[in-house]
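Before any questions on how it binds or moves, here is one chain, the form predicted on its own, in structure tokens.
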Amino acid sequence: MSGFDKVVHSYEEAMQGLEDGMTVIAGGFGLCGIPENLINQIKKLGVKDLTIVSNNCGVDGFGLGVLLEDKQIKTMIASYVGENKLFEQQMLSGELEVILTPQGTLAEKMRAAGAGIPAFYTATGYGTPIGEGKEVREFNGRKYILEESIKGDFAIVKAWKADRYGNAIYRHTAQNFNPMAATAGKITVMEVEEIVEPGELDPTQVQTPGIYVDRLIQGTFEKRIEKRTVRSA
């Protein structure tokens, strides 16, 4: 990798430098738009005591859920537990610290970090356990709590298509948290379905500018769905 070219050719190179105790921000919502191969590389590395910041923690045996199997995650900052029994078990037993955060607040924590904003006020969570111990201010007669932004040592994201410079486009709802997460890492690693040459993407369609991306890798994806319901005959 040199100059503006962000392409790396192995997942080992993509996640080089990840160490025990680091904070990793992961894009995705449920199993939609998750950087599944980068997650699998984290599992392969065997790093421990991680703080993971993501909407949820995948499902048993897939997505971020695989990192729970060897207890690689120390703290999970997420919006909900989801359909993950191991996540629930570790949380209830106290093996895993879980900091539940409203979805909009979580997204803004990532976006604010990328914009260089250390903290912001939001009305969400005021008067609930979410707001306990946090600074409160009143604006126009309404109470707001102060929330700090989150900067990750690594951010891992999934996009549909990118050029070699890291300019990226997401596909439909797979966009979700990915654009915010991409701005919030000291090192941002993006995996994509297709890499094209600079100039092939319509600039008006680019959702993450390459300035935010440090490493780019093309992968293949399983694209699971979380639940399938079949009507009985």
Partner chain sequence: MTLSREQMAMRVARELKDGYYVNLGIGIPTLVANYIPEGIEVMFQSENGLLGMGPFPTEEQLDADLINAGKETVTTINGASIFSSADSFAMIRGGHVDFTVLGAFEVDVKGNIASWMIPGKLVKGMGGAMDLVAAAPNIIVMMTHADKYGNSKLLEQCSLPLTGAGCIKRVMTDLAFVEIDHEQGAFILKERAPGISVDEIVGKTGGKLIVPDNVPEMEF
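Numbering follows the first chain given and starts at 1. Keep in mind that what you see is a predicted model, and the values were worked out from it rather than measured.
Although not depicted, the form predicted in complex with the partner chain is the subject of the following passage.
**Student:** Pick from Val136, Ala115, Ala119, Ile130: which has a non-hydrogen atom within 4.5 Å of the partner chain in the predicted bound form?
**Tutor:** None of the other options qualify; the answer is Ile130.
**Student:** Please determine whether Leu67 contacts the partner chain in the predicted bound form, using a 4.5 Å cut-off between heavy atoms.
**Tutor:** It does not: once the partner chain is placed as it appears in the predicted bound form, Leu67 has no heavy atom within 4.5 Å of it.
**Student:** Looking in the predicted bound form, any heavy atom of Gln205 within 4.5 Å of the partner chain?
**Tutor:** No, Gln205 stays farther than 4.5 Å from the partner chain in the predicted bound form.
**Student:** Is the gap between Val192 and the partner chain in the predicted bound form 4.5 Å or less for some heavy atom pair?
**Tutor:** Val192: no, not in contact with the partner chain in the predicted bound form.
**Student:** With the partner left out here, check for me: in the predicted bound form, does some heavy atom of Met180 sit within 4.5 Å of the partner chain?
**Tutor:** Output for Met180 is yes: heavy atoms within 4.5 Å of the partner chain.
**Student:** Only one of 37-45, 161-169, 196-204, 24-32 has heavy atoms within 4.5 Å of the partner chain in the predicted bound form; I'd like to know which.
**Tutor:** Among the listed stretches, the partner-contacting one is 24-32.
**Student:** Which residues from 53-91 come close to the partner chain in the predicted bound form, meaning a heavy atom within 4.5 Å?
**Tutor:** Heavy-atom contacts within 4.5 Å come from Asn56, Ser79, Tyr80, Val81, Gly82, Glu83, Glu88, Met91.
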